[in-house]
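Just so you know, structure 1 and structure 2 below are the same protein chain in two forms, each on its own as structure tokens.
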Structure 1
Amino acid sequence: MKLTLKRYRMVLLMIVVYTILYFSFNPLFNPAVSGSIRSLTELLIVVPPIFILIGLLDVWVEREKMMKLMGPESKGLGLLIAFLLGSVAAGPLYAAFPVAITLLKKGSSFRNVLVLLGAWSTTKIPMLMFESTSMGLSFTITRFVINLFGIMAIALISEKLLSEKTILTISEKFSQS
């Protein structure tokens, strides 16, 4: 109980901040609450199923299988799977971190995990639909095409610049857990 309180102390502090806003800066209170509620809805509705899927992946998919599909030897297939997995995903980028870690733990290559993060952050299909209704089709398509190159570039450069040792540490840190 005491530990839980300690872990949530910043949340409690923010509740205090909101209370102060309510009494002293009331015009800010409503927009702050409605902004937070929209993000909270995403956290409480979209994110939990993603974690359940991660759990299922963790207990059912064998390491050998994942190695074959997304491992260092998976070449184009692994890239494609990573890109599609990221693009059909729902939810905020922070939900992609545990997905990425589970894939690494199961033997996916670091490059493919970076491609997944890239696709998850910016070429998610549901988001593209929002983008085209708000910003127009030419904006959306142009950005999508630039992003395809950007995601690949970021994945390749990161993999190049990080030493093999660093990558190995990240992968191994989780393979025991």
Structure 2
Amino acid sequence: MKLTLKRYRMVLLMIVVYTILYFSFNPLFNPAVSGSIRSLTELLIVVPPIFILIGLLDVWVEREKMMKLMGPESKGLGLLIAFLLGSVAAGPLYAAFPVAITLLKKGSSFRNVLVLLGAWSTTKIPMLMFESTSMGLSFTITRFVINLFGIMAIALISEKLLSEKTILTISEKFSQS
């Protein structure tokens, strides 16, 4: 019972907040509920295809192949693959985390997973195309280059600052889940 309450504490908290909104601040209740329903709908549209693709990745790509392509010894090839995967990916950033966990389970290096997350969040191709038409090509190229160096720097610095034991603990934690 205690575990169930702990697991669903955020849901229970939201029920309490919505109840308070309904009785105390009724004009805010309908917009809050409709916003939550929109977010939940988006989540239900995005997440199932991502999990299907993750399942296929898990079954089709052998761990040895993933370690060769994106493992600790992959060097520039792993960084390039991670960057391209993140840039061509579809969906919001929260969809990237299950992909990142799967890559860690398959033996991808921590650095490459950070590059994937950075690219997913800042260098998506559709976003770059929209940005170049609305903000101009020179702005888009400048931002892209800055993000490229920023992503690589964050990944490399994070890997250097975190001990091997910490990175191993993170990888093992997700390998067991």
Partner chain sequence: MNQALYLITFSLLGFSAIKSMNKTKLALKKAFKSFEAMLPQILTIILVIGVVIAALSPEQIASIMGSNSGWFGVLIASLIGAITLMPGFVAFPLAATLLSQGAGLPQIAAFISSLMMVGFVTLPLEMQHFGKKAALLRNGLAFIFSFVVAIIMGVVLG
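Numbers follow structure 1, counted from its first residue as 1. Each form is matched to the other, and the largest set of C-alpha atoms that superpose within 1.5 Å is called the rigid core. The structure displayed is predicted, hence computed values, not measured ones.
Pair member that is the form predicted together with the partner chain: Structure 1 is the matching one, since it is the form predicted together with the partner chain.
Is the C-alpha displacement of Leu168 equal to or greater than 2 Å between the two structures once the rigid core has been superposed? After core superposition, the C-alpha of Leu168 moves less than 2 Å between the two structures.
Would you look up how far the C-alpha of Val16 moves between the two structures when the rigid core is overlaid, in angstrom? With the cores aligned, its C-alpha sits 8.7 Å away.
Using a rigid core fit, what is the CA shift at Ile45 between the two structures, in angstrom? A shift of 3.7 Å at the C-alpha.
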